[in-house]
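Okay, here we've got a single chain as structure tokens, the form predicted on its own, with questions on binding and movement later.
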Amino acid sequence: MQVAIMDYGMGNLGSLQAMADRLDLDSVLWRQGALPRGSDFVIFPGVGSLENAMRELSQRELLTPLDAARRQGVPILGICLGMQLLFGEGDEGGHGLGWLSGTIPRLSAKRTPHMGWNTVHPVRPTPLLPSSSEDSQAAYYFVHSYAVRPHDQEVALGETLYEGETFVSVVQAGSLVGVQFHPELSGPAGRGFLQSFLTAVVS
């Protein structure tokens, strides 16, 4: 199985490639043009601002082929900023891809970014997240100051609590999946999530 990791200058590529190796996946960096031949799914990483990310995607002429892959039903996993880019307008300025309806407000917590380990609470049954009470305490690594607010709550699969504020941390709409945490930095829990994604969405 091959994964195309989007390389638009704003992602943690080394860690993602290392995680792909641990999962026995072939990985290729998608820098320009159409989806690399033979790719079974796409990882859409991102670190930084919404506006800069959209500018980079446009300048590298990746917007049209990325949308073509989505329309063809190629599974796409958005990570951190990559998840936020699936949505629309953000508080920090700029606009995402708008594939999912919703906004990206800033966290209301006094201490931002939300950085470190935290849990994800499933809000509906999904094979992407642990269902047992023991496994659901698995922690994932977060680094962000903004979080998505979907207009359609049916796409929300998981939520996370930080300093009294609950935000959506996992979404899915068909072959589109987004996570606010970094599975590639989340140890066994992150690897378990990616294995579930491969089984439930890609296979």
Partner chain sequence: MHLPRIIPCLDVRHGRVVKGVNFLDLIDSGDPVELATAYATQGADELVWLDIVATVEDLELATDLIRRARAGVDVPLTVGGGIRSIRQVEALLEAGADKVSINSQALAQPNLISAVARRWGSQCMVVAIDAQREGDHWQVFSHGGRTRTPWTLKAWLERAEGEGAGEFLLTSMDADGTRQGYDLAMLNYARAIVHRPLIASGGAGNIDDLEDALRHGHDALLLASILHQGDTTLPQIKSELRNRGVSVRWPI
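Positions refer to the first chain, counted from 1. Every value quoted in this text rests on a predicted model; they were computed, and no experiment measured them.
Keep in mind that the form predicted in complex with the partner chain is not shown, yet the notes after this line are about it.
Only one of Pro122, Pro113, Gly94, Gly98 comes within 4.5 Å of the partner chain in the model of the complex through a heavy atom, and that residue is Pro113. Note on the interface: of 33-41, 165-173, 139-147, 66-74, the segment with non-hydrogen atoms within 4.5 angstroms of the partner chain in the model of the complex is 139-147. The partner chain is not drawn, but in the model of the complex it has no heavy atom within 4.5 Å of Thr126. The partner chain in the model of the complex is not approached by Leu29, whose heavy atoms all lie more than 4.5 angstroms from it. Not displayed here, the partner chain is kept clear of Gln195 by more than 4.5 Å at the level of heavy atoms in the model of the complex. The partner chain in the model of the complex comes within 4.5 Å of no heavy atom belonging to Ser108. The partner is not shown here, but in the model of the complex the stretch 180-194 reaches within 4.5 angstroms of the partner chain through a heavy atom at Glu184, Leu185, Ser186, Gly187, Pro188.
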